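Take a look at this one chain, the form predicted alone, written out in structure tokens.
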């Protein structure tokens, strides 16, 4: 019996695109409903682009971009944004690094000046480098080394699934690699990857398109032109046999397990990729989802469960190769083998019997709600459009995502589930060393 289809609302955010003479791509999406703007600059460089021997360098360089720039002293960026009533931050991902601000709309020119100034060049000094190496090392201590389940599974599972350095290495970096970084390394990294031709600027919110275009040309137009570097091919063959490993986490109070399966290319095979995004939600989103109902509520073999696309949970912000991940925490003495067998049973059942009446529509409605909520704020819109422009040349796809999710069929979800076989799975088990 065909399942009832979800009725998905659409957004109609306007999109204006142009490219400056220096290669900088620009996306404007005006929304005059509130006097607020979101500004995002996304550079096409991330964890996968780091050279061997320099693990953690993309994230370290993100920190350096806040330590002053061509015309601004250290901490000036903080002062100018916060002094205008705004907020700011940056983040490093597998395939890109972003820098962003939310500000009152009368501070648009201030934001553009700040971003253009550091696009010309951050202050790469020995003092700034050593200081930020220490900051990043402390971040690793707090988020990974001294935290239960630190790095699980986004740092611990890729080296099980992948064989090549770009896909498998620790994106936070080793202390040895971080400490051996030099100012020359940073300058080379900036020249190679932080080129205007390798960046996208997105502005959303309360802007006049003509005025914003003039300001962007004024502040970014004279940034020296440097082309985007050739992007390596990070492709790897799929697994043909199950890979599994374990490690003891001395701080973890309970056992845990995560498994991952490769999925189609999210950029070149988007139609083939989307059913996996929906499948992850069918399996794990909400108390009525397949695996939560079976593993948490009925069997009580796990205490919590999650499923998502991409090792950093970013299904529409990642390139190939990527994966569908499932992760779970178990009660004391929990049986990881049993949990994995049950996952296989439920996948087989879904592939064979399909979805129940209303199951797909309910899941798609929840997904659409999340997508609409994530881009309701002007900054979320700017960030999503910047990445869509960079990776696909389609910032307007943001408007289409809820509808496209709603068009995924029962048959497509069943076919996706049928591919998640044990022999294609990489999994990692956390042995609880902190149990008392």
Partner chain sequence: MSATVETGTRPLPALGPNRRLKLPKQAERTLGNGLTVIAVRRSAIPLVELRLWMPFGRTHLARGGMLAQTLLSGTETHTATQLAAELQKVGGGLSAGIDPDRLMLSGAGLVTGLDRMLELLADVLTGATYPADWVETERDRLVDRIQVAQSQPAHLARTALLKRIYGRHPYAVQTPEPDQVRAVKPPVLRRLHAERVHPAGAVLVLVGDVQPERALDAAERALSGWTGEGQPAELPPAPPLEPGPLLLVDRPGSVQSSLRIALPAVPRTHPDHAALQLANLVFGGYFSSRWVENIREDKGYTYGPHSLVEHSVAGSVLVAAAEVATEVTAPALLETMYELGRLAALPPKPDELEQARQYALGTLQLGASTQAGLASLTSAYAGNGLRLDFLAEHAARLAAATVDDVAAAAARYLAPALAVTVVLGDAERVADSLATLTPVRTEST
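Positions refer to the first chain, counted from 1. This is a predicted model, so every value here is computed, not measured.
Although it is not shown, the form predicted in complex with the partner chain is what the next lines describe.
- In the predicted bound form, every residue of the candidate spot (106, 184 and 288) has a heavy atom lying within 4.5 Å of the partner chain.
- Only one of 110-118, 348-356, 152-160, 269-277 places residue heavy atoms within 4.5 angstroms of the partner chain in the predicted bound form, namely 110-118.
- Taking a 4.5 Å heavy atom cutoff to the partner chain in the predicted bound form, the contact residue among 11, 419, 22, 412 is 11.
- Site annotation in the predicted bound form: the residue of 102, 322, 198, 327 reaching within 4.5 Å of the partner chain with a heavy atom is 102.
- Not displayed here, the partner chain is approached by residue 376 to within 4.5 Å at the level of heavy atoms in the predicted bound form.
- For residue 231, no non-hydrogen atom is located within 4.5 Å of the partner chain in the predicted bound form, even though that partner is not displayed.
- Proximity of residue 248 to the partner chain in the predicted bound form falls outside the 4.5 Å heavy atom cutoff.
- Taking non-hydrogen atoms only, residue 164 never approaches the partner chain to within 4.5 angstroms in the predicted bound form.
- For the partner-free chain shown, 330, 331, 332 of 315-354 come within 4.5 angstroms of the partner chain in the predicted bound form, judged by any non-hydrogen atom.
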